[in-house]
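Starting off, we have a lone chain in the form predicted on its own, written out as structure tokens.
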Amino acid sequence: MGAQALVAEAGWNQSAADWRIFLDLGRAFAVKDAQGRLVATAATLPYPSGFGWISMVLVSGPFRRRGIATRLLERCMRALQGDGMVPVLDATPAGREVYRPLGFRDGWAITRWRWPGGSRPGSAARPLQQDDWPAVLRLDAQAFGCDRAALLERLRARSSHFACVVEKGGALGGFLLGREGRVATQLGPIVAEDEAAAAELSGFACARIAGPVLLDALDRHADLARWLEAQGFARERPYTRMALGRDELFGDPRRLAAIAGPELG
């Protein structure tokens, strides 16, 4: 698949199943060279409360610095705005410098953490059960800013061996989903009423995953960051959540401990 070749060239973690999300729930854009080979991509993922994601802006090395990425980005912006949606994205430091002149404004600071695997932290969380699902969807809608059940159903299926919840005072106090990736397992979203619950969820998942793990946590959760460091997670790169022409982001960062990934929000 040409799109996966671009992912591998960039060293990103997405899989063919991630591309299927964009094809089924959003839109994917592509640029081909004169020989019909795929050389650049971008994608949008609309959400039902007035905003949509832009991601997967990839350009093969020999075709960079020709304005292709900017044109693809602008195409995604027009597509979302044409549907009455605010474009949102999670930017790397280099991407942030491209997006700011286009009108994107800084929001939440996010850090990607990588765990190489090894010793397994214990946890008081428990496996996600079918009866938990309505409460999971309610918690996520409060934290993310809209109902994204179609996406979460896919993540649930891909994380069945480590998806989990915690209970607080007899009610659901948080949940964790995730998905396998090209080179590591991505944890997220992690939604929790407090940082201790987010750590419990992360510990449960890590105990059931062989190999490296990625987790993109909001920087505001300092206690969670200290827990991740204590378990052997290392900071890999920063992201900035940005919205076009909007200072206030959608969702509740107090509850959203870790995102589903910069490509999904």
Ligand SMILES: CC(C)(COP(=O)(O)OP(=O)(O)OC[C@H]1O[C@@H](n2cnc3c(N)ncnc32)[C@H](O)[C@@H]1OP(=O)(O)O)[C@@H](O)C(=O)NCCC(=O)NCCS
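Counting begins at 1, following the sequence as shown. Keep in mind that this is a model prediction, so the values were computed, not measured.
One more form of this protein exists, namely the form predicted together with this ligand; it is left out here, but the text below deals with it.
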Item to check | Proximity to this ligand in the model of the complex (heavy atom, within 4.5 Å), stretch among 105-113, 168-176, 137-145, 92-100 | outcome: 92-100
Next on the checklist: When the contact criterion is heavy atoms within 4.5 Å, does A30 count as touching this ligand in the model of the complex?
Outcome noted: no
Next on the checklist: Is A199 part of the interface with this ligand in the model of the complex - any heavy atom within 4.5 Å?
Outcome noted: no
Checklist entry - I68 near this ligand in the model of the complex, any heavy atom under 4.5 Å? => result yes
Next on the checklist: Since only the chain is shown here, I'm wondering whether W19 would be in contact with this ligand in the model of the complex (any heavy atom pair within 4.5 Å).
Outcome noted: no
Item to check | One residue of V213, L45, V57, L224 in contact with this ligand, assessed in the model of the complex (non-hydrogen atom, 4.5 angstroms) | outcome: V57
